[in-house]
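As structure tokens, the next two blocks hold two forms of the same chain, structure 1 and structure 2.
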Structure 1
């Protein structure tokens, strides 16, 4: 079972209820992923025991709270069998909105969740305990202090998806994050395009970026199969080339299993795709939700400025 926990924060720090939500999830088994709205409490979330992955969902919408904007940004990444939030006012709103977007049931103010998914919650001002059986997928809000918090001895994988409306800011942050992980003097870099590039002539935009980086240009199988102008020698994937560069930039590539098999061992992966639900974001260290027309000019400008310093 895939469990998605939506974290809660106090300012820039993680609220203790997040570790309690993980504690409740651990009792059910399965893989646990934490979504951190706005990236707040990211490092703390990654240290919670039992968590396999932490996703920082970043964007300008997280500068102030708006239930509609937040739920639209979070919902594409909350595709698990069970989505858990706290029963705070924010948590209840997000739970209802995400459940509505996904078209799945929501149950509020639980105090116990057991296998099956059997949920207990107080009703009638706490005079009666109601027990319900809920079919997955579903969204549940859990009251604070209903479970013991998981310990802080983990080291979960961290990835970032940026849905900022200003693509330039997203690209700049991706380059900053990549710079933290890669020694450019030793880097081998690949920038690959998929069918999302629209037509083969648009690969010239990838070549311009590659020239700035000293990188190679690759392609997905979908691009190679669609256009005769894109040769098989450029294909990255299970039936093409398996690569392990320091930096892999995927542009307009959805992330089919055979493509992921050929590049997922890259040290650092940046994905650019207009579809926030594209599977490529599942393996990316940093994702930018944008079209290539928006992202590549910003990427070239930022690289030119960076290399001229």
Structure 2
């Protein structure tokens, strides 16, 4: 089986999910080629073990993001039996467009891919797991942190192709730069605050804990809607981001069903809430009934002590 992995980049670097995509492909026993859109993360991609070829797809169209142009440029090189991308929003868009150009189906946000091809994925915001069989050729996007990353002891052959495609979207102005803070959809640990934080300035207490853990700061919709300082990009839930970190810490969040929809598949959940009846405790692995005013300073101290050991 020919597998084409489309790499994900993080600025100019390779996003770690790319090695996880290779990990998932290896378990299927395919011959793996990585496509690097715009050549980003090329040398890192070539070091991922189990990859036979890395193709840098270059061209002016990769200077800014235009999913239609990018997918037109990538599709001629993505003719494999299985095309795999990350289930980030860019990954989903490219996957869908390439699938449509080829006239084949796409399955999004797989958490497991096995021979056959059999795909499991959460639907209805994680309330249901769907398992389906899909005929090849097909396109699949994989949820980050679902597979172990392939090691980086490989040495794949690198080639470059030039591709043109018309860019039709032009950027007028940047409103808020990505990358200054860790994004919740990429983080392995998330600490989120809700309306119980009282004031947006109190989120600095969450940031301090986040800095200790290398975590991202998220928020409930009530926090995003109530305070202008808390941008929608931080929102976790039904109408925000769906996240699957190893650890999710919810502070002053009641645990409404729409919030749970975005985070209940996290590996471990900690809840800090002053109300012992708050529904968030129903999904928490570790619940602490306390106010954040008491709990966060204690958490900071304990973590500093533990992590400096």
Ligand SMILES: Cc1cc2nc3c(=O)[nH]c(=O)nc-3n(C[C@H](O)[C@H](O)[C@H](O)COP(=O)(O)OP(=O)(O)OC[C@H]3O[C@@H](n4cnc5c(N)ncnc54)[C@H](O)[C@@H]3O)c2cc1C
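Numbering follows the first chain given and starts at 1. Under this definition, the rigid core comprises the largest set of C-alpha atoms superposing within 1.5 Å between the forms. Here the structure is a predicted model, which is why all the values come from computation and not from measurement.
In this comparison the chain labelled structure 1 is the form predicted on its own, and the other chain is not. When the rigid core is held fixed, the Cα atom of residue 79 travels less than 2 angstroms between structures 1 and 2. Core-superposed comparison between structures 1 and 2: the Cα of residue 102 travels less than 2 Å. Residue 165: CA moves 2 Å or more between structures 1 and 2 after rigid-core fitting. Once the rigid core is matched between structures 1 and 2, the CA atom of residue 270 is found 55.9 Å away.
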